[in-house]
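In structure tokens, the next block holds one chain alone, the form predicted on its own.
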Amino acid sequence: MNPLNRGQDKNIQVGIDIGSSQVRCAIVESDLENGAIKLLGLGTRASTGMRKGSLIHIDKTITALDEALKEAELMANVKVERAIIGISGEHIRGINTQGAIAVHKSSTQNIPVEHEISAHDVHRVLELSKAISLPMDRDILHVLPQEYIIDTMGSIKDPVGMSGRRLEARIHLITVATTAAKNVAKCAEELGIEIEALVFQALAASLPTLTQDEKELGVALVDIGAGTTDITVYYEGGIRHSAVIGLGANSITNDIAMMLQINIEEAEQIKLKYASAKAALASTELEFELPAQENEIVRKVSEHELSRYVEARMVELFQMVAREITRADIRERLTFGAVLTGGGALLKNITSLAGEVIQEPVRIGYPKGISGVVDVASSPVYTTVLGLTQWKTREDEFNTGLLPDKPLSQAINKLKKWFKEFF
């Protein structure tokens, strides 16, 4: 076998999505001049080392990650040295907070002098806004400005260069359990991969699926994974709410396995082939045989009966999604409703059921804007991993670059130091 003859240069971006059922690795090449992105390599491996976004078996996860990396490296002919890692799980929390500072520094004849707002002022107000009391076992993962207010003028996206006496920032914080973040980071570090950033998976999934108009006029991204469902609600270009629901596509598979008394693998295949999110749209006449052991009676089930189990679970999920959307506290309706992505979005008739329960327009989100995707990774299951590859080039869309110190970087640096000392 020929050795990999290309190292990872600055134009090569790598995303790693460590999910509850699959570990995916994507390698892309970015053209910094025109912004074009080309998919070079993609690797996927089944994994049982994660459950509902949390690590339960580190060795199995590392093995699956190593195999997925090697597959992507071989396809791209690139040796991966650093990557953006996605993270999810019920331990993730979203919080809206705000802070304000005085901009004017002096006065003349008792008249306050308005000063031009600098990047330093923005840093100060963001630091003040995120200075909330967190438990010892939690860290800030992302600081995401929603809007700035100068005196009485609101809805400002970039206040630098404007004048005023008082600067207020309204931000959305995404926090994570420190141990969960360190454990995910450790999987990559063990393979010699430098972690450039840890990113909430729903943020990454929004990059190749949502348009700027959708983010401005209101949209909820619903990333249905195997173990969890990640939600982010956008309005006026900012994130108003984020949440993780501990229910995903695996719950449907488990329900089918239990009700039909078959194993998990067989239940997954039946779900993908015959299940419908709406039982009313499934045939009552079309029946299929259930897997049977020797000397067992052959059983048959109609698509309609199967779909009744599926619909009950999906209604529960979308009721929880609808509840999270209302927590965004947006008075106006979401103009673009909800965008479903992730592996769970492949379920038949899912948009029809979601629209009824959420009472918003619903569409499926497919990865866009990356050449080479059409034939290889056009499915919603790849939106997160492809979004991770775009994080560095599009991070400014979330205004996270305004902070001088990246959240969680200190914890990751400690982990790197520990590895160096240990080995």
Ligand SMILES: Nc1ncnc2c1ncn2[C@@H]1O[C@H](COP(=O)(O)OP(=O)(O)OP(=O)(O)O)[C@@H](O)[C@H]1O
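Owing to the predicted nature of the structure, the values given are computational and were not obtained by experimental measurement. Position 1 is the first residue in the sequence shown; the rest follow in order.
The discussion below concerns the form predicted together with this ligand, not included here.
In the predicted bound form, no residue of the candidate spot (15, 195 and 389) has a heavy atom lying within 4.5 Å of this ligand. Among residues of the shown chain, residue 55 is not one whose heavy atoms approach this ligand to within 4.5 Å in the predicted bound form. Although the partner is absent here, residue 240 lies well away from this ligand in the predicted bound form, with no heavy atom inside 4.5 Å. Remark: residue 342 counts among the residues lining this ligand in the predicted bound form, judged by a heavy atom distance of 4.5 Å or less. Residue contact with this ligand in the predicted bound form: residue 227 places a heavy atom within 4.5 Å of it. From the list 143-151, 256-264, 242-250, 178-186, the contact stretch for this ligand in the predicted bound form under a 4.5 Å heavy atom rule is 242-250.
This chain is drawn without this ligand; in the predicted bound form, the residue among 215, 91, 271, 172 with a heavy atom within 4.5 Å of it is 271. This chain appears without its partner; in the predicted bound form, the one residue of 307, 232, 209, 201 with a heavy atom within 4.5 Å of this ligand is 201.
Contacts with this ligand in the predicted bound form, taken as any heavy atom within 4.5 Å, map within 10-28 to 17, 19, 20, 21, 22, 24.
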